[in-house]
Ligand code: GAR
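Single chain ahead, by itself, as C-alpha cells, in the form predicted on its own.
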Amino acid sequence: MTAVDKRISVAVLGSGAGSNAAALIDRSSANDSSYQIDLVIATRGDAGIVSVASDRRIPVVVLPAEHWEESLLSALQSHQIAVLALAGFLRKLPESVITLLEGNVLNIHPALLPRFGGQGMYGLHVHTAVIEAGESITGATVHRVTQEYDEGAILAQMSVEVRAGDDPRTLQNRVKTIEHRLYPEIMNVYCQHIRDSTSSPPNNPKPQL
C-alpha cells in the first residue's frame, strides 16, 4: 500500500444501538474509502454498538465506569487512532482526548444545528422538541467536537421534511436514514483531506451525496 493509498485510522465511540457505527464501518469497506475503522469503543458492554463491531470483526474496548478518561486515551494511543467518530456518545468529551487527536473528533447530531443542540438534546428529546416547536424541516448535522456540546464547526447538513402526523419515533427513523448517508461520506471526505494534505482539514468539506 502506497502512502497515497494509506487509509486514516478511525475509532467509533458510542453507547447506543450502533446504527451509525455500522454505516461508518460498511462505508469503510469500499475501494475508494480514505479511512478504516480500527476500533469501536463502548461505554457499556451490553450496548448494541458492541454487537455491531463484533459482527464485523472490529476490535472493541468497553470503558470502565471509573477512570474512563484514562482508558479512552490509552485505547486511542495503543491503536494509533487519528480520528474519533462519536456515535451516540452522551458524555462531554474530555479536553485531553480532543488535544490528543489534534481536534480530529467528529459527531453527528439529529437536527440542523445550531437549533435543537446543547446538553440534554439527544435522541428522541431532539425530535420531540422539533415537533413541539412546529418545525417543517429538520435533519442531521456533522460537526467537529469541542468542549461545548454541539458548538463545533459545522461540516455538513442534510434536511428532511417534518410531516403532519409525525411522532418523535417516526421522525427519528427518517432522520436516521440521512444520518447513515451523511456521516460516512463526510468522514470519507474529511479523512481524504488529512491523507492528502499536510494542512488541517477544511471546516466545510463538500461530499458528493
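Don't overthink the numbering: it's just position in the shown sequence, from 1. Remember, it's a predicted structure, so these values are computed and weren't measured experimentally.
Another form exists, predicted in complex with glycinamide ribonucleotide; not displayed. Remarks below refer to it.
A.B. asks: At 4.5 Å between heavy atoms, is residue 123 in contact with glycinamide ribonucleotide in the predicted complex?
C.D. replies: Result yes; residue 123 sits at the interface with glycinamide ribonucleotide in the predicted complex.
A.B. asks: Can residue 192 be called a contact residue for glycinamide ribonucleotide in the predicted complex at 4.5 Å between heavy atoms?
C.D. replies: Flag for residue 192 set to no.
A.B. asks: With a 4.5 Å heavy atom cut-off, would you call residue 9 a contact of glycinamide ribonucleotide in the predicted complex?
C.D. replies: Answer no; every heavy atom of residue 9 is more than 4.5 Å from glycinamide ribonucleotide in the predicted complex.
A.B. asks: Any of the heavy atoms of residue 108 lying within 4.5 Å of glycinamide ribonucleotide in the predicted complex?
C.D. replies: Judged by the heavy-atom cut-off of 4.5 Å, residue 108 is in contact with glycinamide ribonucleotide in the predicted complex.
A.B. asks: Report the residue, out of 81, 87, 72, 130, that has at least one non-hydrogen atom within 4.5 angstroms of glycinamide ribonucleotide in the predicted complex.
C.D. replies: Exactly one residue meets the criterion: 87.
A.B. asks: Among 109-117, 130-138, 73-81, 94-102, which stretch has residues with heavy atoms no more than 4.5 Å from glycinamide ribonucleotide in the predicted complex?
C.D. replies: Correct option: 109-117.
A.B. asks: Counting only non-hydrogen atoms and a 4.5 Å cut-off, give the residues of 173-191 close to glycinamide ribonucleotide in the predicted complex.
C.D. replies: Sequence-ordered list: 176, 179.
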